[in-house]
Each structure stands twice: as C-alpha cells, then as structure tokens.
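Okay, so here's just one chain, in structure tokens, the form predicted on its own.
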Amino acid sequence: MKHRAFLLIGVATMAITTSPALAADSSDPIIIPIHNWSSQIVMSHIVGQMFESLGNSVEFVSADSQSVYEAVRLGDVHLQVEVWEGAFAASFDAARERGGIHAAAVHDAVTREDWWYPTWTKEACPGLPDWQALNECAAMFATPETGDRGRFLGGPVDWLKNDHIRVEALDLNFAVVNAGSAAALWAEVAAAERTNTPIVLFNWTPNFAEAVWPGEFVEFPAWEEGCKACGNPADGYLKIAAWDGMPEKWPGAYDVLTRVSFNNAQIAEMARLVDIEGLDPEDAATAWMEENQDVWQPWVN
C-alpha cells in the first residue's frame, strides 16, 4: 500500500485545559485514523483532545478499517482506538506478526458483533434466537432484491465480516446485502419498526442501538478458531493499537494512551451523542469530556 494513502479530514482545534500543560513530545503531529462508525470517531477525538492538552498537535485522517493496521505498523498513522476482536483481530494479528504495531491498552468494554434482530422479529419467528429458525422463517425476511431468499443486512463491506462464508457453511437460505454505512443500518431498523416488519441485520455492543431497539443476537454455534460456521466471540476484546515508534517519539502522549480504558456504557454514550442527539463527532467528544472529567482527567494528570 502507498504510505499516507488517506484523506485528511481535519485537525482538532480545541484543547482541554488541565493542570499545567506539558511540553509537546515532538513537533510532528500524532496522526489518528477515523473510520465509519460513531463511537470510534468520537473516541478518536477524545483521545486527540487529551493529547492536545499535553501540547501535542493532532491530525485526523479517514482510513479503511482493515488496512489501517498495516498503516499503523508502518508509522503512517500512529494508533487505532477501537480494535474489535470479531471484526479486526485477523488484520491486527497479521500486522503485529510483521512487526511495528502492538496493543497499547485494553478497554474494560466487552464486545459482541453478530447477526441481530429487534424484539418484534422474534414475535414473527418464535424459534429465534436459535440460528436454525432462520431457514424456517426465511420467506418473511425476503425482499425484491433477494427474491425467495431471506435478506441479511450486513455492515459496510470494509468491515469484512465473512457472512457469505457462514451462510454457505450453514446452508442458510439467505442472501447477504451490505449496507453502505452504520447510519444505513439504523435507518433500516427504524423503517422496519414503523411497519413491524421482521429484519435481521448486523449489530454490535457496546452501541446506542440496544437502548433504542431492544433485541437479541442470533445464537450460532459457539465460536472456535478457524470455524466457518460459528458465530463471532460472545465476549470479545476491544483493544487500542499503537505504532511501535510512538513510545519514543511521543512518550507523554503514549503514557496517557496506555491508561485509556472505556466501558460499555461510556462507549454507547459516545455513539448516542452522534446517532441520536445529532452532534458532530468533535462536539460530541467535547460534550462527553465535559460530563466525564472524573474519567479522563486522571489519565492525563
């Protein structure tokens, strides 16, 4: 891949005031990648504002959520605040084996990413959450796009969930259709709610959606390494990845990064501020920090 093959989308301008600001580790900016789901964008700005409070400069770039680990390994970007086990463990581990990237911290949050449905769907297909009920109810999930097959609405293609492989391995009468964005997933759920239409789609926790639309994950065969028919880990990790050169170049910022650890409720609130309250991610980060100084101030001080 080409170095710095990213679209610059902005530079954080607000610094959070703390007890006296430290000199910057390096005059070079710390480059933080931005992906396509709200909690990651807000958390990236929160971390960036903490770095700025130490006197560092920060740049944010738009980056692919899979190839970003190679970019971190090469030092083209310098960290990634949300490494989800279910979606990104393979890409992260592959980059780590080549050297140049490591896990700087592990969040308190416990994650899950998988097929999911809102409660009104179970009323129409009472065999759920057992995955074997899906074929019995496939017709009720069919759309003009999928013909006589049920539709599973997956996340954006770059999340690489390999749902096609699972559908084939379990002989499910479903077609995988990928949404263009996280926002498109929520729009589909909202539309289905208005007409009480059954829907099964990709969802994850921590996420604001579980508070808006109560529902359940489909229970596939329990996850095992290398299993094509299994579900994703039900108790996955959420890590922070960093470039190996970061501790030497920005030791103060790196020390802060190693202390960062958010829980499920905190991450869900970050997403809610954007997806429900409608704040821009930068404003959501500032609002979250103002309301949660007792959480992040000790990491900086």
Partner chain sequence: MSDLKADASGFSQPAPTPRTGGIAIATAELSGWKVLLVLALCLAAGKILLPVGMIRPPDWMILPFAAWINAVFDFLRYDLGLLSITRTIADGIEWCLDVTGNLLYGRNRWPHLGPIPWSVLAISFAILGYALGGWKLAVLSGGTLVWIAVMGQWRWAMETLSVIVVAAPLSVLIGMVTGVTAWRWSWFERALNPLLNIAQSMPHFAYMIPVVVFIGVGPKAGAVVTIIFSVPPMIRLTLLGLRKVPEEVVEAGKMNGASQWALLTRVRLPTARSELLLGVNQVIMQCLAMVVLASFIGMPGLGQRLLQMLQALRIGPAFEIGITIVLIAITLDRLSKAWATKKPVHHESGTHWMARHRLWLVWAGFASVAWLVAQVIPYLHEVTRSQALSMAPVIDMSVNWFLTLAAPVTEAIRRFLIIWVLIPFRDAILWLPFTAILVAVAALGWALGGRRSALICLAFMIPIAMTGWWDRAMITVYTVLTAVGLAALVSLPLSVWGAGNATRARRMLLVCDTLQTFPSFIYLIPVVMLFGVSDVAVLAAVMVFAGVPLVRYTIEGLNGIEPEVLEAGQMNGTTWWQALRHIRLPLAFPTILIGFNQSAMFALFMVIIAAFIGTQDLGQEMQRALSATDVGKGLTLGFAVAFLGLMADHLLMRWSRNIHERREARS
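Residue numbers count along the first chain shown, from 1. Worth saying up front: this structure is predicted, and the values here are computed from it rather than measured.
The following text describes the form predicted in complex with the partner chain, which does not appear among the structures shown.
- The shortest heavy atom separation between residue 71 and the partner chain in the model of the complex is within 4.5 Å.
- Shown alone here, residue 145 lies within 4.5 Å of the partner chain in the model of the complex, counting heavy atoms only.
- Using a 4.5 Å cutoff between non-hydrogen atoms, residue 280 counts as a contact of the partner chain in the model of the complex.
- Residue contact check for residue 67: one or more of its heavy atoms lie within 4.5 Å of the partner chain in the model of the complex.
- Heavy atoms within 4.5 Å of the partner chain in the model of the complex belong, among the stretches 112-120, 99-107, 212-220, 74-82, to residues of 74-82.
- Contact with the partner chain in the model of the complex, defined as a heavy atom within 4.5 Å, holds for exactly one of 42, 50, 242, 63, namely 63.
- Note on the partner interface in the model of the complex: the residue among 130, 93, 168, 158 having a heavy atom within 4.5 angstroms of the partner chain is 158.
- Contact check at 4.5 Å (heavy atoms) against the partner chain in the model of the complex: none of 231, 234 and 238 pass.
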